[in-house]
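Given as structure tokens, the chain that follows is alone and in the form predicted on its own.
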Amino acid sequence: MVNGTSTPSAPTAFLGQPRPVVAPLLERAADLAIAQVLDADGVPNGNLAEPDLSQAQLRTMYETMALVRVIDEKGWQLQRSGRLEFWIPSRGQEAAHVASALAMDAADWIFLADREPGAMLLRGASLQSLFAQFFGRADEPLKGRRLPLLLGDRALNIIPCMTQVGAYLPHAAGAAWAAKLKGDKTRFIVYFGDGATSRGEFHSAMNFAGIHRPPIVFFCQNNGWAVSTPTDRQTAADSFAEKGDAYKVRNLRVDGNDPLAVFAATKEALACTDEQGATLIEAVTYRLGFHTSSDNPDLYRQPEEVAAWERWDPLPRMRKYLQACGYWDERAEAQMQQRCEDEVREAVTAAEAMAPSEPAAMFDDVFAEPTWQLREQRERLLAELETELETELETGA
């Protein structure tokens, strides 16, 4: 009480209501019909045969995964230090997109979601171009006009995603159908998360694919959480893969943290496109970090759950497999890590020094010829920016 008036109490911090710990589905892979080559220790004890990959291909797979993790760690540091506006971590999900992208041919088309930087690397994108996109620099394929990690490059046959989750799925199905109508042999893969299966666009794309059988792989990365919504709050189905049954779309589940299993499953799905059309792959994985840099996973999940999934981390599993094959050792690991860190550091320095995209550039390339509305909006933006600059100069702000 102050002078007879009650003093409002300090607000209680919201601590969230984390759900009870759910054991990793990969521990019951055989029972849940999840295709698997490697066990948690990197030993080929699964229900799927090892794919026929050369030593060079296996090393490329692992080294790309490792580079993606270094990129992710650096991106997180840059965002937390205020040098990047936003970040979408991919730690724990490297195998799912790297191995599946490696199974594609260079002429095939990729529709990205937002955790697949390895696909860009495998297609030949430079680290400098990736970080130029992260920093919003003008001299990158998308001209610095996208959020970080909404990557893409038409020259590499890679379509960037949009912020509306899963909204691009019908576009991917339609593009694949166009290829089929033209009679060429181009295949397609489209990445999306488990949360996208709750959107109408997913079901529209599945229905379309069941009817027209386009040459496409729908690659669902089931990381257990649609931001803060767990699987059991999102669907009553036993799996996301079985949703394809309703539309007569071939489907399967694979250990998304096992790069060998992902490669084999994707390669098989691509080989089936001529006769069976589309395949829906559910890659069972886990997001070890934050959903985005705006997220706090401690509000909805227990740290014990994350710790249980650490055992299934794809990088140690693949490293142990390579060591057992005689393709890797501690010296190679140390050299690779140093090389990745050096290359990323150089790319950051080069990209950060590049010119940023101009604000008015957001109106470019919307249409072949700008509409009067776009011209008007552009002029208004430039006038407002000029007024703000004059005010800053006058006030010394």
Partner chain sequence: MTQMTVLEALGAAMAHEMARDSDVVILGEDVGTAGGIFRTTQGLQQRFGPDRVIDTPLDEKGIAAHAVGMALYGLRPIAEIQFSGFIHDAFEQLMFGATKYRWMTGGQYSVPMVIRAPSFGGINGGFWHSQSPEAYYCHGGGMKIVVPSTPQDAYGLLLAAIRDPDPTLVLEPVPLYRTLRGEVNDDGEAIGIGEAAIVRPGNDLTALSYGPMCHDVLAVAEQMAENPGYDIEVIDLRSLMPFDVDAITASVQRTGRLVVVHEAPLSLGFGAELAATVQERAFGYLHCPIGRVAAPDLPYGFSGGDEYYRPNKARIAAAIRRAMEFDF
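Computed from a predicted structure; not experimentally measured. Just so we're on the same page, rigid core means the largest C-alpha set that superposes within 1.5 Å between forms. Numbering follows the first chain given and starts at 1.
Note that the form predicted together with the partner chain isn't included here; everything after this is about it.
Of the candidate stretches 305-313, 255-263, 159-167, 321-329, only 159-167 contains residues with a heavy atom within 4.5 Å of the partner chain in the predicted bound form. Proximity of E201, D364 and Q373 to the partner chain in the predicted bound form is complete: all three residues have a non-hydrogen atom within 4.5 angstroms.
Shown alone here, Q276 lies farther than 4.5 Å from the partner chain in the predicted bound form, counting heavy atoms only.
Interface membership of N207, defined by any non-hydrogen atom within 4.5 Å of the partner chain in the predicted bound form, is confirmed. Under a 4.5 angstroms non-hydrogen atom cutoff, the partner chain in the predicted bound form has A173 among its neighbouring residues.
The partner chain in the predicted bound form comes within 4.5 Å of a heavy atom belonging to E85. The partner is absent here; in the predicted bound form, the one residue of Y191, Y286, F188, F131 having a heavy atom within 4.5 Å of the partner chain is F188. Residues of 225-244 that come within 4.5 Å of the partner chain in the predicted bound form, judged by any heavy atom, are A226, V227, S228, T229, R233, Q234 in sequence order.
In the core-superposed comparison between this form and the one not shown, the C-alpha atom of A23 has shifted by less than 2 angstroms.
Taking 2 Å as the criterion, N45 does not count as shifted between this form and the one not shown: its C-alpha moves by less than this amount when the rigid core is aligned.
Comparing the forms between this form and the one not shown, the C-alpha position of Q57 differs by less than 2 angstroms, with the core used for superposition.
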